[in-house]
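As structure tokens, one chain now follows by itself in the form predicted alone.
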Amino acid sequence: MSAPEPIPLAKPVIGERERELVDEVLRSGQLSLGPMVRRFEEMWAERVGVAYAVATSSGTAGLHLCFDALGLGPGDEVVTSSFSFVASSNSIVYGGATPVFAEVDENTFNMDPAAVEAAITPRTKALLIVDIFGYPAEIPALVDIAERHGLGIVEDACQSIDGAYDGRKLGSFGHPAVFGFYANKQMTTAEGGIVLTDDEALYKRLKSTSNQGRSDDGAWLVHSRLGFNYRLSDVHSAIGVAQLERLSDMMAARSRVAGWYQDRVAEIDGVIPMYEGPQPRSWFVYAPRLVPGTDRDEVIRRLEPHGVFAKPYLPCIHLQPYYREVHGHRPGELPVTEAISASTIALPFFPEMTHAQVDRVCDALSRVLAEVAPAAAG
């Protein structure tokens, strides 16, 4: 009997429009610092309702540029979440500052505002808000905390493309917000990111530092500040323009697939469906929790022969080897975060996924859990 056709963990939607615009850039001969980048930036600013957008080579680069603009350095602390992709905290460390991890809410997986307040010390200079798995953090409460303590704010919305809080688009709350466009995201530029802001001075600085510190007047090979090579090319921007043109349709498709999952997963013993609360989720991944005591790694291993690829997602940042070895973190510091991290499992999820594929994933998961759960209970 032949093996079942594999269902990938993620799959970008690439069509003729992407090819058309990439070809337009290739034929123009201007592959970087050209009009397609400006077009992509302007489309993003208009969609969110902000004055400025700065395209970057990655979401990580965008975060680094924001912290560089805050002028953070050794001895400074930034309160953030450990339940995020490692790039969040790395962007703080690049300039010599130290991430301080606050506990998260067990439902939203985002930082608990009370825990954030408790983590603030005289060395705290900023908050890095993370909107994880497409669910917005408690932005009004976190902004209030930052303002009361005189702290800078950067928002890592890389997993929450087109997200909103109380109907207000992420990126429009008065602090810089960064989105990322890796190939598994709600939309992609293959690699890339963007920073949104209404602050003209910050915009000019980010445009400069993303392009090797080029002077604000654009003078040829004049560099007025220390910068980085964090530009996004016109080729990548062309993919982004095409994706952005049909982002609403792709987001609707992701919501549809998520709905199928939520219905099916609710019927499977041993799985906790993803949280749906008062705020809309910008569906990035489908990563429900397995009940405590389940051997998640064994579940993942046994799903593969069914043609279902799954991953443990996300590992805690503070328990990554680098953060343990260099920053001295140890298990037990963040019990809620660590319990979530140990139980979430990313299942195949992409906008062109069919109802039949979701059923196949859930059938396989149900069968595997029936096999693994008795051993876990014993």
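In case it trips you up, residue 1 is the first one in the sequence shown, and so on. Model, not experiment: these values are computed from the prediction.
Keep in mind that the form predicted together with a small molecule is not shown, yet the notes after this line are about it.
The closest heavy atom approach of residue 60 to the small molecule in the model of the complex falls within 4.5 Å.
Looking at residue 250, you'd find every heavy atom of it more than 4.5 angstroms from the small molecule in the model of the complex. Residue contact check for residue 87: one or more of its heavy atoms lie within 4.5 Å of the small molecule in the model of the complex. Using a 4.5 Å cutoff between non-hydrogen atoms, residue 161 does not count as a contact of the small molecule in the model of the complex. Partner contact region in the model of the complex: 175-183, out of 112-120, 221-229, 67-75, 175-183, criterion any non-hydrogen atom within 4.5 Å of the small molecule.
Only one of 195, 239, 132, 127 lies close to the small molecule in the model of the complex, with a heavy atom inside 4.5 Å, and it is 132.
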